[in-house]
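In structure tokens, the next block holds one chain alone, the form predicted alone.
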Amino acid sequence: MSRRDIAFIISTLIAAAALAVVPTITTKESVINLLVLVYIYVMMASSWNIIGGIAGQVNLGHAAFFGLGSLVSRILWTKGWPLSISLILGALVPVAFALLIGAPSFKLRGVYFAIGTLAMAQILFITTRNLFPMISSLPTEALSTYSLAPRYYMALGMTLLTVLVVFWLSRSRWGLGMVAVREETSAAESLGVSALQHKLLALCLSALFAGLAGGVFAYYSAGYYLFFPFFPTWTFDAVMATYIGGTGTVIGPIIGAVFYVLVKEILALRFVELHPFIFGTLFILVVLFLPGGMIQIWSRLRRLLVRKSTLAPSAAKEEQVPETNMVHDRPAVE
């Protein structure tokens, strides 16, 4: 493990410890609610980044995994099941669904795979809207004891787990195999890397953490329509946050999710009808001019600083070279 990796892990743990103090230093529920929303979006963006960024498979049906995790966790928990078991099953059901649709879906390539996953998510959305048209509200006893603090800490803990697993995956042999499949499938398979296995693993891990995010949403929300988490907006929000931050990186989806949620909240208050158009335009501009996302800006600045620091000593040496030549390299005529 390199120094940079150790520094990332330590800084992540320090940031998580600092965020854990927030409920003890503020009583504003708006701040807690905003941070919980940020955590959910970080989980969604990071989980989509596994299949879309690291493995290079553009999945437009990510809301299906989020919705299944939310649906299973909510129903089991409100029926009296322990919360931990409800969350675990809510994460495993999307994985089972990913295994079911994975092999047939990966026979499609490029835009056909994206359209196929979008159609699959839409089928689930329409089905759940017809089956569960009513709002799922917490029982009166649960509402009377409702508290934001445990939900905040659960969201923070799940987000930390998601980020650390994505970080481990990006440094692991499986992660390198996914990158190889993303870059050139034929070349990767010629070297013994199974494209189908790595794509399925990426899809299952993506579904797992999207399902966990859905479980967090189900535990956090006091009441909502059960078909709401299947809405396509959850997919497109995760995709936009990932692309804005930087696909294929660990920190990119985190930056993109924080930026996306904060700007979205501001625009939603000031430009109620226009904020989807503004974000759509921003997304197009990022894809066209910053394909590496916001993380690319930092990379360019770092390269520029390194280049300046290396050019400064060389420039000083060039200024000293003529003086030494005048002393030691006199013409032989003299």
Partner chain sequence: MVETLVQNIVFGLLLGALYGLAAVGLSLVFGVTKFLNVAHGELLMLGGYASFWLFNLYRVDPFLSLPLAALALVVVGVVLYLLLFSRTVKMDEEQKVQTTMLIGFGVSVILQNLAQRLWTADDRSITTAYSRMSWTLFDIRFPIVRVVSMVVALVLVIALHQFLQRSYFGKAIRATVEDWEEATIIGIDTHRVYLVAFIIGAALAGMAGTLVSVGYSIVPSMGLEWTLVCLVVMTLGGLGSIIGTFVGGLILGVAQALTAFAVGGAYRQVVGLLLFLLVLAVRPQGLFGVKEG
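Remember, it's a predicted structure, so these values are computed and weren't measured experimentally. Positions refer to the first chain, counted from 1.
There is also a form predicted together with its partner chain; it is not shown, and the following applies to it.
Only one of Leu161, Ile88, Leu200, Ile115 lies close to its partner chain in the predicted bound form, with a heavy atom inside 4.5 Å, and it is Ile115.
In terms of contact with its partner chain in the predicted bound form, the residue from Pro133, Pro139, Gly223, Gly110 that brings a heavy atom within 4.5 Å is Gly110.
Stretch 283 to 291 is the contacting one of 65 to 73, 283 to 291, 25 to 33, 38 to 46, since its residues have non-hydrogen atoms within 4.5 Å of its partner chain in the predicted bound form. Proximity of Thr145 to its partner chain in the predicted bound form falls outside the 4.5 Å heavy atom cutoff. In the predicted bound form, its partner chain sits beyond 4.5 Å of every heavy atom of Ala103. By the criterion of a heavy atom within 4.5 Å, Ile126 is counted among the residues contacting its partner chain in the predicted bound form. In the predicted bound form, its partner chain sits within 4.5 Å of a heavy atom of Val58. Contact with its partner chain in the predicted bound form, defined as a heavy atom within 4.5 Å, is made by none of Trp77, Gly80 and Leu92.
The partner is not shown here, but in the predicted bound form the stretch 215 to 250 reaches within 4.5 angstroms of its partner chain through a heavy atom at Pro232, Phe236, Met240, Tyr243.
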